[in-house]
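In structure tokens, the next block holds one chain alone, the form predicted on its own.
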């Protein structure tokens, strides 16, 4: 057995363990919102590790790249579904056991995203679409590259410019991704520990209103989505005027701690994506 086989097996074992813990958490956690933490955090990372581990064991760049792409899609879509399901659960009255609730009785003004009228061709975005095309084909021939370039260009011309983003700072993006990966790992360890705790006495659920200082819709949306994978938190609502993200907390200790956690995440995102 080669070193890559060992590494891939370990990664797959970790992914399988997290997926199992996520399934157990969905069954044993006491409330709907608590179960959403297991469904979004552990399940997403577990499936991502399984996909990446398979690619490592296969010892082929194509399958490994597909695994990375699948992981990226999971982390890009799971927060959105978690946000919507958590919001639906809250407004359906599935809020038993909250020790603190800043959302109760609030006159909500949901964030309204206004797209720019003009269409803009972004070369970096076109290149990313081309990379995705080549990864799915797993065959970087001239014909595949040419076909991907044309398809990516057509898709890019149909897209509108993302509102509120003027430039991306690569170094700050790397810092954000590294810090965020650490948050994801800590978050999953917390959920796993609580799943394995028979009495679940560490669960103290709360909903905390965390104000955002950014004027960028893109930054606010990215922060709200990223919160879902940070330790012990899940976005329930994002409002405008004032711009506030309402966070469901699995293991609540203080409002100040959540405010600091959200503000730190907002600083990382704002540094990476200048508005």
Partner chain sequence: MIETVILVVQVALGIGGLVALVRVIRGPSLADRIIGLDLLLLLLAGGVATTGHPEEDLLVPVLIVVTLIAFAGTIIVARFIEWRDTE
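Numbering follows the first chain given and starts at 1. Not measured: the values here are computed from a predicted model.
Same protein, other form: the form predicted together with the partner chain, not shown, and the subject of what follows.
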item	value
Proximity to the partner chain in the predicted bound form (heavy atom, within 4.5 Å), stretch among 204 to 212, 219 to 227, 242 to 250, 47 to 55	47 to 55
Interface membership of residue 123, the partner chain in the predicted bound form, 4.5 Å heavy atom rule	no
Partner contact for residue 68 in the predicted bound form: the partner chain, 4.5 angstroms, heavy atom	no
Contact test in the predicted bound form: residue 238 vs the partner chain, heavy atoms, 4.5 Å	no
Contact label in the predicted bound form: residue 130 to the partner chain, heavy atom within 4.5 Å	no
Contact at 188, 193 and 255 by the partner chain in the predicted bound form, all three, heavy atom at most 4.5 Å	no
